[in-house]
Every structure is written in structure tokens, then in C-alpha cells.
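Below you will find one chain, with nothing else, as C-alpha cells; this is the form predicted alone, and questions on how it binds or moves follow later.
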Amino acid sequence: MNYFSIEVENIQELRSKLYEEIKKRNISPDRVIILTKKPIKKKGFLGIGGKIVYQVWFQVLDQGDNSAQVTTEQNTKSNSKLQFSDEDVVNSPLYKEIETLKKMIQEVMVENKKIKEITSSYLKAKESNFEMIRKQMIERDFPLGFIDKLLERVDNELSEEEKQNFYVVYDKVKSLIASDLKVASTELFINKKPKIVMLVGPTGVGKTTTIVKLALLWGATKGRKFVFFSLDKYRAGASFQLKSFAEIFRVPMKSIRNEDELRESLDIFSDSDIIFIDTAGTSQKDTLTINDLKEHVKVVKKYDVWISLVMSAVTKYKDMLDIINRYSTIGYNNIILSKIDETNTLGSSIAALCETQVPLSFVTNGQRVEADITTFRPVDLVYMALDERRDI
């Protein structure tokens, strides 16, 4: 057992001081009993004046000691300064107030315990909801860093009550992703002839098929005069494929080997509404080929140009970031996401687009020239990425 005393002028002051003492000592109010009080005269400044205060002594019972009766002998042994009797305790004018105060403190502590239990329950529910969403996003191929940042934003923007509802949290996740997806205009405005439409990107992403789809969408169906250029001097098959489509459309197709031929051909077909330019596919690590492509881009830059980077949805997340970064030196305007029909997970694509903030213009999902290219709403793409069936 141990003792402590508090000096006060009135019961209101005692309430706060006793409460703070119990908190500081981290003890239960049930273990605190009043012993005695005695008046003390406090001298004023330089001995002038002064006031009467009460020194109230308390005893803290040992853990497990439920007895509130303390003998004078025990108290004298523990602290020779204490002199009190049962009559002092019972008749003390502060006794009843202190007992009431102790009950009040006990109620506060019980209430705090309930609040802690509720808070713990809230945290468990929130963590469960967040963990379910985290697991789903990992399965859909979203990178961990992206998931953590996203859930941190959700945590900051929702109230504690909202976090208890899985569907509210889930809707917030979808809303934030959709708001981060930038969208490019898919209307082709021809400010001056000819309008140059050029596609760039790695090998095998479907640039040739995509440029034919754009020719149908922006050229043939609108009755515009257009031609095809091929800058792919590395693959004979690519030029052959483009030539076949040119014959179907009954439009010219020109293979370009260098910048001089490109300048000459642009002059020859300067009366066209649109010139669609297909380029050689190359690894983003092939600096030499990308630099060669940059020289061709310099030639067409004096025209009204629309350049798009084509990326396959099956590409890994880190590779996508690398492609977006390395091709940025060419100066593309937007991204076309191809082959979304060839993957079950769009998480990597969505994360890369959100993080780089490059606007997305089209998505392609098949080989049919007349049907498999489309615009989209960001929310629809997010639903697909999270494996919720919704047509784009």
C-alpha cells in the first residue's frame, strides 16, 4: 500500500486533481480510499497575507486487497505523518463528495473501456474490408504499391462509419481509380490538310491492324480522302498487310525508307485529308531504332499531327512504365490499349495509366477491323479491371 496527498481550496479543484492523479498512477478508483484532511495555512508572498487550503490524504490499496478498512497501526507504520481516526474520515465535509467523485471516475473508465471495445471492433471491420479489396486487386494484377497508395487515400477520405461498409469502401476504390484515368478526345479534327495520324510502339502490339481500324473509323466511314504510309522497313510482311487493306479501301499505300522519301511523299499526297502512318515496332530498349523514328517524327511535326502510343494489355506493369517513359521522347499525344481480349487481368494497364497520367484514347479487343476498336468510359474500364462484367 502507498499514500498520496492533494492540496486544494475547494471540491471542484479536488475533482480534477484527483482524477489526474489516478490517471497518472494508472490505478482503479476502487483502490483509492480517503484517509483524512487537515487545514494548512499557506503564507503569502514575502510572508504577507496567506490563505487556508486543505491537505487531503489518500491511501492506495494493494492489488487484490478489497478491504477499505485500514487500521491506525498500519497507517502509522507506513507513514508516521498521518494521524487520523474513523470519525475524521466519516465526518470529513469532503468525504461524500470524494466518494461521489470516485464513482464518477469509475463510470468514466468503464465508458472509456466501452469506447475502446467499439473502436477495436471498428478497426477490425475496416481492416477486414480493406483486406478483401486488397486481395481482389492483387488477383486482378494491380501492383502492391498502387494498391497501398489507393487504400491510403480511401482511408483518409471516408469516415470511420463509412469504412465499416464494404460496398461503400469498394465504390470509393472504383471512383478514385476512374477519376485518375485520363481520357483523350477521339474526335479527329482536321485544322489543315493533311492531318497526320501516326502510331508508334513495341513490336507485336497490333499497330498495323489498329491503324486500319482508325482509317475505317475516321476516313472511310466519313468519306474523307486518305492514304497509308508504312515506315516499317524491317518487316516485309507489315507492308504487305497494309497494302492489302489499302486495296480493299481503294486508296494509295506508300512504303517509306528514309526521311527524304517521307518529305517527298508528304508533298505528293498533300491534298489528302488524312495520312495514316504505320511505323516499325521496336523494343523500348532499342535506342537506335527509337532515335531513327524520332527523325521521321521531326519531318511530320510541321503538319497537324496526332501521334498515339500503342501498348498491349498483356504487357507487365513495370514494362509498361518503361515503354511509356522511353517512347515519351517521340512526343505522342495519347495511348491506345490493344489486345484487352487476350488477358484476364487489366490491373497492370490501369495502374500504369493512372500513375503516368497519359490520356487513353481507344481500346481494341480483337482482329475485326469494323468492330473491335472502341471508346470507353473510365468507370467501365475499372469494372472490367476488377472483374465485374460490363461491356465497353
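All values reported here derive from a predicted model rather than from experimental measurement. Quick note: we count residues from 1 along the sequence shown, nothing fancier.
Beyond what is shown, the protein has a form predicted in complex with a small molecule; the following relates to that form.
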* To do: Using heavy atoms only and a 4.5 Å cut-off, determine which of Thr36, Ser361, Asn365, Gln59 is in contact with the small molecule in the predicted bound form.
  => Asn365
* Structure fact -> From Leu309, Ile275, Val205, Leu231: within 4.5 Å of the small molecule in the predicted bound form by heavy atoms is Val205
* Structure fact -> Of the candidate stretches 25 to 33, 50 to 58, 337 to 345, 350 to 358, the one with residues having heavy atoms within 4.5 Å of the small molecule in the predicted bound form is 337 to 345
* Just to confirm, Gly281 within 4.5 Å of the small molecule in the predicted bound form by heavy atoms? -> yes
* **Partner proximity in the predicted bound form: Ser265 to the small molecule, non-hydrogen atom cutoff 4.5 Å** => no
* Asked: Is there a non-hydrogen atom of Gln164 within 4.5 angstroms of a non-hydrogen atom of the small molecule in the predicted bound form?
  -> no
* Asked: Might Gln241 be said to contact the small molecule in the predicted bound form, defining contact as any heavy atom within 4.5 Å?
  -> yes
